[in-house]
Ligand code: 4GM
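In the form predicted alone, a lone chain appears below as structure tokens.
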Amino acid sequence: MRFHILTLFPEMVLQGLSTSILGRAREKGLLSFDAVNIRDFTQDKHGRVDDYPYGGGAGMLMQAQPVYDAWRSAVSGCASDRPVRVIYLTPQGKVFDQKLARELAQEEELVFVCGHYEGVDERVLEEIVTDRVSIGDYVLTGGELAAMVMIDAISRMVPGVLNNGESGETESFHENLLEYPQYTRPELWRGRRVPPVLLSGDHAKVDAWRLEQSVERTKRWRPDLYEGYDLPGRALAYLLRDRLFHMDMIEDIRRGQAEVLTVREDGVIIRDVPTGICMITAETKDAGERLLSCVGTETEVFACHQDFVMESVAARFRKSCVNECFQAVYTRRQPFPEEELCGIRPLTEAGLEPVSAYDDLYARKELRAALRGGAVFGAFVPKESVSPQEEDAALRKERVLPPERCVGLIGTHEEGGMGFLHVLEPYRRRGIAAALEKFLINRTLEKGWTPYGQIFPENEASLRLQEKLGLKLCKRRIYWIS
């Protein structure tokens, strides 16, 4: 990897980067450091590269022309086919962290612009700079030290630079955790012993201890980092305390379609990526308010697991349409016998057209999306099941009836719950609804998922069906608000 540093003090940079690990990597040809002296490109006969700023003010400002020509000289020798990223070191930039170090380590070449005095003429920065980066909220006399800090951190991510290929990925800040405590000989020093687990020879126990220590240290010393550590795992640990009540959120995470926004000791909020729906649960109104503070005003639909959270959403986001429901979960792992499920197959949008009773459902955006995704199934009966009145009506309209008729459907909502269950009136009380739900439960189990659905409290027939099929019903209500 090649680093080009535009600087007024090339000796300072090269001396700092030519020792220890980076020096050895340079000797091996893994790293290359090109310190470009900006003074070499000035057009001033006295070698000046600065001047007074327009508009007045303290200090001097680096001129655009020598910086620009130094940059052109640096990039002219670059071998990369893609544009080279140019980093300007400034307190006004985004703060440098391990994530950015890993990102920049993927580049073949990088250019660093080291400012001095009161900075650099804004016009050349606008012309050449791709990234403005700060190493912290303080001011240095120049950008050289900041560039060396960044280059050191980036270089550690370059394969071969470190002797142990894993060490660059297992130190502090990996996965948002601080590094665990380390010990060496002697075993006893000033009355302090090395933790016994490190002497056990049991690598699994050592790894578990180190992770526990990293988590504890991060939680105690860097709570800001801990907030981003293993969000899905921590969210699941919280939600599984009340599995039935939170199955919608649990499955959204397990199925890999959730963005976990925040995990607190008293609540969780996630966003379903396909739909943008936010699901939230909290122990208190204050906890709910804190969770909602990380949600943008563009969110259209919320699934709230407490009434006080629903009230906060209504007030904060000006939502007024509320639907309450109970959650039903199929907790068993065994599927239903296949022989009970004949005549059910995937449904397409075309398959719904002759069924006038579905018009209202068909018009719904979510059903159309589920149909396109192959997540809707229909129950079909032979033509012989068509009544004489329906056949006469078809003849009068000179329409040929299909050999089969779709009389019921069921599907999976984009966020994961079973739904859309509907059977035409003449075909009810024949077990078709039960067969449809059994079919979808089996399909869901095949994917390794837990089947669940949400039912309106007034839908007594559906509630009875869930109990008949063995689903467990959580009587605490969930509030959909939009």
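Rigid core here is just the name for the largest C-alpha set that superposes within 1.5 Å across the two forms. Numbers follow the displayed sequence, beginning with 1. Keep in mind it's a predicted model, so treat the numbers as computed, not measured.
Below: the form predicted together with this ligand, not depicted.
Between this ligand and the residues Val139, Cys321, Ala204, Ala79, the one pair within 4.5 Å by heavy atoms in the model of the complex involves Val139. Taking a 4.5 Å heavy atom cutoff to this ligand in the model of the complex, the contact residue among Ala74, Met249, Cys304, Ala146 is Ala146. Heavy atoms of Ile135 reach within 4.5 Å of this ligand in the model of the complex, making it an interface residue. When this ligand is considered in the model of the complex, Pro346 lies well away from it, no heavy atom lying within 4.5 Å. Taking non-hydrogen atoms only, Gly115 approaches this ligand to within 4.5 angstroms in the model of the complex. Taking the partner from the other structure, this ligand in the model of the complex has a heavy atom within 4.5 Å of a heavy atom of Pro91. Of the candidate stretches 153-161, 185-193, 127-135, 272-280, only 127-135 has residues whose heavy atoms lie within 4.5 Å of this ligand in the model of the complex.
Relative to the superposed rigid core, the position of the CA of Leu424 differs between the shown form and the other one by less than 2 Å.
The Cα position of Ala434 differs by less than 2 Å between the shown form and the other one after fitting on the rigid core. Shown in the overlay between the shown form and the other one, fitted on the rigid core, is a CA shift at Leu61 of 2 Å or greater.
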